[in-house]
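What follows is one chain in structure tokens, specifically the form predicted alone.
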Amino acid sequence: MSKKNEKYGNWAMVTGASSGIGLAFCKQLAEKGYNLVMVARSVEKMEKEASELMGKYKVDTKVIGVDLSDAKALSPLEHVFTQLNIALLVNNAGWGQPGVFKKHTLDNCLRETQLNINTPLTLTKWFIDNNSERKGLIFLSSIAAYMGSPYLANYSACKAWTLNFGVSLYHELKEEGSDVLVLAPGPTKTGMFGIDNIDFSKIPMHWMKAEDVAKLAIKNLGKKPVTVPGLINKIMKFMMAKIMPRSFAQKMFGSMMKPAMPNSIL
């Protein structure tokens, strides 16, 4: 049994588990001996991945198909927290709408906010209330949380909430021996934006692998409140937080994002 397994228990829940950083978390946690509750909309894909993880690492898995952007769909997850001793929760699921805010529908904006704020808030509350033992919590924020980001207005605001919520819980739960980490990655190779015709090659930033991002988070859980993966991202975060005026950072980020986007969302 691995150190992490001994520290937090046998069951971990990962949201957004069907691809990207979420799937990378599942693979690495299974390798460490965790049983997994995998949560996302893509049931067929998760079942395929779960079968492979069970065969390779001899762990148990539970696949739950839920649209996490729909508040009414969350109730099955509450029962999981009461039935299983979930000791590690990875609030990974997230979605960002790129483009100018005026072209977004109100319904999509509210679903984006539900997914990025209300859902992790709800799951975290259920998680804490149903587990009195030592716990581990990982939140997915972004370096966009350190400034307002043109063409990602709602997303960057949501991730600022995640950053502040997670850091606050880090100090609260530390008193009872539990660990919280906010993971704030820069550009990462995932399908988060869900728009195929964004030309990411026009964004002059280093794109990290999801596996490397998840690995660093697992390594640093319990060591610090916030982790920014990658040296370039760390430098960017430091400059945005300590050196650049916020208005300059916003303008710079907007000038990098805009050329990559199709006219349909500008």
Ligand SMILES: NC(=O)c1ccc[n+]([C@@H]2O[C@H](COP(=O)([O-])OP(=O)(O)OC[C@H]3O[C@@H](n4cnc5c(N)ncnc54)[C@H](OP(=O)(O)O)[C@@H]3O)[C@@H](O)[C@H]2O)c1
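Nothing here was measured: the structure is a model prediction, and the numbers come from that model. Numbering starts at 1 and follows the sequence shown.
The same protein has a further form, the form predicted together with this ligand, not shown here; the description that follows concerns it.
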- [ ] Consider T190 of the chain shown here, and say whether it contacts this ligand in the model of the complex, taking contact as heavy atoms within 4.5 Å.
- [x] yes
Task: Partner proximity in the model of the complex: G99 to this ligand, non-hydrogen atom cutoff 4.5 Å - done: no
Open item on the list: At 4.5 Å between heavy atoms, is P185 in contact with this ligand in the model of the complex?
Closed with: yes
Task: Contact test in the model of the complex: S141 vs this ligand, heavy atoms, 4.5 Å - done: yes
Task: Residue stretch of 121 to 129, 174 to 182, 152 to 160, 80 to 88 approaching this ligand in the model of the complex, non-hydrogen atom distance within 4.5 Å - done: 152 to 160
Task: Contact assignment for this ligand in the model of the complex, among E47, E211, E31, D67, heavy atom within 4.5 Å - done: D67
Open item on the list: Looking at A217, L36, L53, A40 here, can you tell me which has any non-hydrogen atom within 4.5 angstroms of this ligand in the model of the complex?
Closed with: A40
Task: Partner contacts for 97 to 133, taking this ligand in the model of the complex and a 4.5 Å heavy atom cut-off - done: L115
